[in-house]
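Read the single chain below, which is given as structure tokens and is the form predicted alone.
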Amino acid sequence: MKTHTLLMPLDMHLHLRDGIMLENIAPLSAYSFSGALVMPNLVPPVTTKQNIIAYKKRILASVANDYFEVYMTLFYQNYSKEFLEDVEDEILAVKLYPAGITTNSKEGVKSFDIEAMRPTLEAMSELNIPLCVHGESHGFVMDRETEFMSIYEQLAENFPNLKIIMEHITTKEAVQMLERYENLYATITLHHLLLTLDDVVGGKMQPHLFCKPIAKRPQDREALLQVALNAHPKVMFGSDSAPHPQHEKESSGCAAGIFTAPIAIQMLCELFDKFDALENLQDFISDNAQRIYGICPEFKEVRLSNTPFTIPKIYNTVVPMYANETIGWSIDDIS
């Protein structure tokens, strides 16, 4: 039997929702992860200090029995420096969404006017607050991330001291951008390391594999695998685990989002083991994020083995990726 131990695994892009959904799914992340960067796209979005503090309290109440560091984000608007100074101790990053591009993002940025954004982004640079970006245009769905590369270029060039995280990258062009600008970093999801568009709609539509940004071409997946499996120092794991009730996924208007939180660590072990890269998983799932963000999460040791594990059919009203399928790695113990 093969075993592997991970220390302080981190999920640097997680959706926990609110209300009953938060109570149902947050403990699943807190069980195996040492901490997570929580997204602010609630309804209404998290845009005030009061919102931040209250939401964090609700999250911590839902995971009261686990050691779990909650890193908060603020929904991007054009904030004043005084406001950012007031909230900087409550957040780890600010999250930018193009308006209407994904779930609960209609209050996002409608026009990327660099000069209008300059006061906020310069203040963030001075305060060392990273900018996390959902990088998609409103163009043809397969080209949206590639079309957004010019926006990343503008941001990186105009604000060289601003740490910019390209969230859940899906294309080889995004991977190439990592080498072009010192201040660009990226998160990569489990599902984009495994899926191409063919897995989603090549046969019957697979609603629980549908997400935004949508899975791309085999050559894009290969580019992501290359940097993830080699634990490129500018990439880190972010699940983008996005729960929706089963009835919202299995419907004619299928909601975008893949739920991977309770199986991500096991499946990453299986994937990295398949490519003889287990020695790099610690960097990808924790150490790179600690260095990039300058954080030290709660200690947690996760011990796994290559013992088969059958993914449950459903977790508290949410169907996970690969439900009912058996994978090759299991969590044995956590301390």
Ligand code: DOR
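Since the structure is predicted, the reported quantities are computational estimates derived from the model, not experimental observations. We number the residues from 1 along the sequence you see.
The protein also exists as the form predicted together with the ligand; that form is not presented, and the subsequent description refers to it.
Taking C211, A264, V133, M124 one by one, only a single residue has any non-hydrogen atom within 4.5 Å of the ligand in the predicted bound form, and it is C211.
Proximity of H168 to the ligand in the predicted bound form: non-hydrogen atoms within 4.5 Å are present. Contact between P98 and the ligand in the predicted bound form is not found at the 4.5 Å heavy atom cutoff.
Contact between C254 and the ligand in the predicted bound form is not found at the 4.5 Å heavy atom cutoff. The ligand in the predicted bound form comes within 4.5 Å of a heavy atom belonging to T102. Residues of just one listed stretch (110-118, 177-185, 255-263, 138-146) have heavy atoms within 4.5 Å of the ligand in the predicted bound form: 255-263. Annotation for 236-250: interface residues with the ligand in the predicted bound form are D240, A242, H244 [heavy atom within 4.5 Å].
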